[in-house]
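Only one chain is given next, in structure tokens, and it is the form predicted alone.
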């Protein structure tokens, strides 16, 4: 049973309610979910839903039908995000956990850790205790292995994940690692589940070799019933009659779990397939199916690995996989963030009391809001603003730490206002993030698609949904300032003939329904957002530079600058001209280069560029 508390409930009423539940012997949990405060009765309920509805301070009471309570989507509608060190599993960023099956030595572990971090892994996996089918196989380095993992964390900044095989290891795990894993063979080791339920570490719970999803979720319930809510479900393949792979990876479990539970999902294609060349295809498929994270086995010398060498990727193969994921992730509304750890470290370095906010245009649920969440995760608070200039002013004054601004759409081109503002303000581009634009048709719950007479949206959204408007000539387009404003207008009206172009996230925030989740003309619709700040704090690897420059008004002046880039083998991924304010028919040029323009090797090029330009400025290195 879940009790949804009235927003106006007093502290006295809440305490009286808890006292009644305690006297009845109920086992309860209180959580915040989708803006509501909920008390979940997970055991020993004595009253009916109707009896609870009659009590002061309770808005509604609903029965939980599933056998698993705390794990179920009925208990908590919002997705749970589990934090392991500085990494959040379950958000918009794909989390990659990588490392050897077993920790073999300090040198081996450090070598692999540095390689997987270089290619985008944000957590390191390695077994210190190895439950093996044969008693004669390598069983792990035990406590010495945990000490090596602790050393890896301190040296690389990677959080470490390892398997716990006995309750007797709990104290050592608390001391040395960031998250513990329950292996497939221990999924129904109930004493071990109770043990990790009392630990302070997040738990990665692997599915048993022949376990149903229901049994798997009941095991997760054991952990959460013990008080540990940081549970991640790991699908690692189940045993079937098929001999061509070690196990059969059940990718269909991902959409099933997304409907049944709020817990994040990690996929382990290494143990699922057991064959090196099968790992990457299944990892790519898992991300496309909606997985939140991947667990990949990587070894620098797999032919001589003490455990699971045939399924371990070489570091270079792992690097190719993460590059593939970078391309695939935006299609499903996620991203592969190669700067994840560095950004987390920089944000952490800001210190207590410092601004940890990012300004975006529109309201919560807009694409600017999604871009902020995708880039920063939950570490930085998104702040809504009305105009792009407001964002620049806030960053310039220091009232916010960062700004998130759209600079280019794959269909409609550049957002010229923001390029002009970049020219005007002394701010730096410190990063970028690409968001897939899916325009949903959203309206009141009672609205029928055939009854829609008015459609509210921003002008760019209308231009990207032209086919839908052409197919529905009876719908009148009504432009508004931003898509989120359109959703708010529809929400605040009682007009069931009105709809808005927005996002599924906005529909949730404004309690509207999604009538059609994709009405844009072209599915290959992406917007690139730049992250701006007064300065970049910290060091990071730079792969791109944005510059602004002007040339003399004479024939061949621009060609002379372009020739310099060609001579140094620099690829320009964007070049655009904008009028110079107050100077008719004179232009400033914006360019994005695939290079760190301030690297030592390009120092001579910088001298030549400045010599050929009347004005030259670096907008950002990221």
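Predicted model, so just to flag it, every value in this text is computed and none were measured. Residue numbers count along the first chain shown, from 1.
Keep in mind the form predicted together with a small molecule is missing from the figure; the text below concerns it.
Contact with the small molecule in the model of the complex, judged as any non-hydrogen atom within 4.5 angstroms, is confined among 108-116, 176-184, 85-93, 403-411 to 176-184.
Although the partner is absent here, residue 506 lies well away from the small molecule in the model of the complex, with no heavy atom inside 4.5 Å. At a distance threshold of 4.5 angstroms between non-hydrogen atoms, residue 436 is out of contact with the small molecule in the model of the complex.
Contact check for residue 101: a heavy atom falls within 4.5 Å of the small molecule in the model of the complex. Residue contact check for residue 299: none of its heavy atoms lie within 4.5 Å of the small molecule in the model of the complex. Distance criterion of 4.5 Å from any heavy atom to the small molecule in the model of the complex singles out 130 from the list 444, 130, 278, 489. Think of it this way: in the model of the complex, the small molecule has a heavy atom of just one of 343, 262, 534, 271 within 4.5 Å, and the residue is 271.
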